[in-house]
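One chain is shown next in structure tokens, namely the form predicted alone.
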């Protein structure tokens, strides 16, 4: 079965010829890691050719690098730093980009080169410039693109700088998560008026929406989320290490909440909470061993503040115990943001509007 067969109706008609002609296997290294549902598994093409090909032709993301290359196959590292995105997501992003014959596209984040090749099949190799910060990945992608017959120009450099030498572009597509409030305005400057920039936005608390910005004559870009959920690695220039998590929550101040704790961490309310708690992180600890409870953590590395809310294996009825520590009352802040979201009629993530001007970046309910 081919990848196009596997994806079926998920392939937009305009991109079906490219996805049929450009084989994903041309861009995947012989040694890779794939998530088969119970964690990432190392797969070697030489040892398991059938398993390797099935994974490559499936609608799965494939990890091709851990820890900027410091972790060597078959070990699994702490942070995935390059992947071949899930093909249905690739197709959805390309569809949202809305390219047409004669367009010139700047891609931020070459990765394996697969996305570049799909663009080049549609627009020609001269219509695409791709920027990759990792010199090893950039060199590998160049070679794969040439071998595939799509010699896209791959620039080794920081994608946050774009590529002014070939500007202006009709479209810019970003395949790395961009921190809200830190959107590189050079991408807007390097896009012609009437053009568009497609980028996934997020915060330290959660991945956010994929946003399509329309660039105006005054260099103001107004963006709306598109119906394609993505979860990309951070733009390398915007990575933020987090402080160590506390080993337990025993020294926090005790309290309770009548809001179901798990509801705060669903996609739509979590995005609202993320806007109110910039710089914070969260995690979930499931019941383990003698600890018969779920624990939801919030952490502000800058102030050292943290909060937990916990509930039993079967949730049960509230109130639920809360602990908070440090100068910030993080649970109180998160719950206030949740209640505001509830009062607004529970708007989904795609209700927000994003505006970027030369002087400011703003997000508001549309």
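Numbering follows the first chain given and starts at 1. Remember, predicted model here, so these are calculated numbers, not experimental data.
In what follows, reference is made to the form predicted in complex with a small molecule, a form of this protein that is not presented.
Q) in the predicted bound form, does residue 188 have a heavy atom within 4.5 Å of the small molecule? A) Output for residue 188 is no: heavy atoms all beyond 4.5 Å of the small molecule.
Q: Report yes if any heavy atom of residue 158 sits within 4.5 Å of a heavy atom of the small molecule in the predicted bound form; otherwise report no.
A: Residue 158 belongs to the contact set for the small molecule.
Q. Using heavy atoms and a 4.5 Å limit, would one call residue 134 a contact residue for the small molecule in the predicted bound form?
A. Judged by the heavy-atom cut-off of 4.5 Å, residue 134 is in contact with the small molecule in the predicted bound form.
Q. At the 4.5 Å heavy atom threshold, is residue 204 in contact with the small molecule in the predicted bound form?
A. Contact check for residue 204: no, nothing within 4.5 Å of the small molecule in the predicted bound form.
(Q) Just to be sure I understand the contacts: of 109, 195, 269, 87, which is the one whose heavy atoms reach within 4.5 angstroms of the small molecule in the predicted bound form? (A) Spelling it out, the residue with a heavy atom inside the cut-off is 109.
Q | Contact assignment for the small molecule in the predicted bound form, among 282, 163, 232, 213, heavy atom within 4.5 Å | A | Residue within 4.5 Å of the partner: 232.
Q: Work out which of the listed stretches, 195 to 203, 146 to 154, 125 to 133, 250 to 258, brings a heavy atom within 4.5 angstroms of the small molecule in the predicted bound form.
A: Contact criterion met by 125 to 133 only.
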